[in-house]
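Have a look below at one chain only, the form predicted alone, in structure tokens format.
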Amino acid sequence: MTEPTRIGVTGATGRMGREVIAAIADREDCAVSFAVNREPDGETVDGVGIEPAAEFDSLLTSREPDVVIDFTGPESALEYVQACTDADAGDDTTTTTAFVTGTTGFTDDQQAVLESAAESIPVLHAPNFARGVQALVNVVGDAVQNLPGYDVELVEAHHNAKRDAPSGTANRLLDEIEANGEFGDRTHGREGEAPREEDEIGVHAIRAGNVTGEHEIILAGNHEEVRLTHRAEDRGVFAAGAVDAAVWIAGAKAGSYDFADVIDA
């Protein structure tokens, strides 16, 4: 029988950390190696004891997880991935630990650090682990190509505690739109006298209540409109996808991966 994939979880008492631990508990092909949080306070999640994030480095050495799943923040995510690369470089007997992160809001410089880590260990970064979002990414380019000259607007909504705007998913969709059409600047919201420029992409971010995540792309022109929408009804869908990614990437060669690689496989 194949040994279960051993997974370390960061931000274990956060919204997504809890969901990840629950998703792992529902599967037989993986298990929690350890779970850490900045201030654990002796808490447990789904029967898993939460340990101090300050002990992350030592836990990598003593527990030797196959992969770490991270949903924290840009600064802490980079600290964790650096610890994984340091552990791999510092001891030839230490099993290489892959790194899967759904953290968003990285600056260009921070993204470069993540890509640098991928030269040493497998790193999978995705702004969204919902399979439906990946399907949306796959089709939006075709829609833009088939509707040249149509106005494009993107509206995204998330809960009131989300820090980055637009969301990482929105930026991924915008990149795909721009790669498949002739567009100028992104216009973030409108106020006052603001007539629409012919080639702009309108971007609108909503932050309210407990909205899990909604993304809608509107293409309008020629007296018609097309709307492509994804709505997540439960954070568990993101956690399930992240665990799929973790099981898939465990044991992979060093390099940068994304969720499309998991779906394609």
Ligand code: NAD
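We number the residues from 1 along the sequence you see. None of these values were measured; they are calculated from a predicted model.
Here the subject shifts to the form predicted together with this ligand, a form of this protein not shown in this document.
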Listed residue (201, 45, 32, 53) with a non-hydrogen atom within 4.5 angstroms of this ligand in the predicted bound form: 53
Mind telling me which stretch in 103-111, 116-124, 182-190, 145-153 gets its heavy atoms within 4.5 Å of this ligand in the predicted bound form? 103-111
Taking heavy atoms and a 4.5 Å cut-off, does residue 99 contact this ligand in the predicted bound form? no
Does this ligand get within 4.5 angstroms of any non-hydrogen atom of residue 63 in the predicted bound form? no
Counting only non-hydrogen atoms and a 4.5 angstroms cut-off, does residue 138 reach this ligand in the predicted bound form? no
Just checking whether residue 178 would be counted as a contact of this ligand in the predicted bound form - the rule being heavy atoms within 4.5 angstroms. no
With this ligand taken in the predicted bound form, which residues across 34-57 come within 4.5 angstroms through any non-hydrogen atom? 37, 38, 53
